[in-house]
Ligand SMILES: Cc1ncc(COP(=O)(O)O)c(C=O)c1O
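For reference, the chain that follows is the form predicted alone, supplied as structure tokens.
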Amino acid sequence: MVKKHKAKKEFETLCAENTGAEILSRPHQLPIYPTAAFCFDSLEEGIEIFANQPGVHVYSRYGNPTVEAVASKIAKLEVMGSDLPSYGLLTSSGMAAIFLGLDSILRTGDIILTQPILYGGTSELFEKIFQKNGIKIINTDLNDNKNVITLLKNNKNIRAIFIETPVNPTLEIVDLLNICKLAKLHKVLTVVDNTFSTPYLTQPLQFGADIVIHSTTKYLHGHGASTGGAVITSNRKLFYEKLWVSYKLLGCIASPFEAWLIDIGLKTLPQRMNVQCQNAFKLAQFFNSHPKIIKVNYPGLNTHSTHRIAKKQMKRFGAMLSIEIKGNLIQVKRILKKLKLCTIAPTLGETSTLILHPASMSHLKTPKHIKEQQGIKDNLVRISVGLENINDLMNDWDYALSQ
């Protein structure tokens, strides 16, 4: 008779073993899976699973149920209303998402064609990491059709066009349909940072973009309590053969808890964006008629240089704007100190109104001559408009400006 093995369990063994949860009903909210690894019932099963990755979960750097669920949700939002497939990865930050999206498709000797002004961190990434690795950067006005065509024809090593729309912090809108058409004609991939717009306002994949990037830290989460990023594509081959491979090896995956926080924020994205866009439009109109304001950068205004493009490709005009205040840096500092309802912080897209001084903060590392060319002056202030009562916001600014 074969003796049945029954492992004896002492106190220490019971403490050390993994706790098995018996789930009798479906959870109402997305569960958090804070586990580094997943178990196999046999060596044969483990061999089979490892041989067919990505697929069944093996290790959280390869993929985690919580993280994948949120990545999939964002990917679906980017193609909502179309027949496009979508694939998503959730990263540890927006910068990690930009690096992953571009590094996956570039090699030494390639060129990135992009705008003169980008988020300061993106410009620094291009200069200090990509250029160091032999990737050249060419900057141009992406709405200058003739010049873009010339650059694409004369630079056969252009591998990617990186687009930020609206542009941070001057809010120009890049014509996605036009750029994506030109890119496809020249067999160049387009990578679009859609952080400011979110898929609620703009869906770049539906204009022909190849990869969409997000800093989920901003509007997608929307509450300032989570840091993360997302990389989305409709191209299955690009996803499995390039993006996921780099994702696995770089180890830039979001944590399950951060993913869970992003999911909580996503539940109110449309409602938040509707109110914030409405507030931004009214605040822009207020600034546009204020004697202490020289210029208002908001794509919803008829006077904005790219209003026509914004009207064509955005559902609403966004909740970001920037203003040039009449006065020098010392006077601008005095005005900002008088504000009671606006917080100075190096982020955006939260429920409260946030302000930032681009020249000395987000674009500190941008060369001075480029800042001056692109309108990033000492009197420029960027505003991320929140959910406050718009009359309170206008009164707050009116008081500060009058001082």
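Values in this document were obtained by computation on a predicted structure and should not be read as measured data. So that there is no doubt, residue numbering starts at 1 and follows the sequence shown.
Although not depicted, the form predicted together with this ligand is the subject of the following passage.
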Report summary line: Note: exactly one of 101, 318, 204, 228 sits with a heavy atom within 4.5 Å of this ligand in the predicted complex, namely 228
Query raised in the report: Pick from 88, 300, 265, 94: which residue has any heavy atom within 4.5 angstroms of this ligand in the predicted complex?
Result: 94
Requested in this report: Mark residue 260 yes when one of its heavy atoms lies within 4.5 Å of a heavy atom of this ligand in the predicted complex, and no otherwise.
Outcome: no
**Report entry** this ligand contact at residue 78 in the predicted complex, heavy atom, 4.5 Å
**Finding:** no
Query raised in the report: Can any non-hydrogen atom of residue 218 be found within 4.5 angstroms of this ligand in the predicted complex?
Result: yes
Query raised in the report: Is residue 175 one of the residues lying within 4.5 Å of this ligand in the predicted complex, judged by heavy atom distances?
Result: no
Report summary line: Partner contact check in the predicted complex: of 176-184, 300-308, 209-217, 132-140, the stretch with a heavy atom within 4.5 Å of this ligand is 209-217
Query raised in the report: Counting only heavy atoms, which residues in 180-217 are within 4.5 Å of this ligand in the predicted complex?
Result: 193, 195, 196, 215, 217
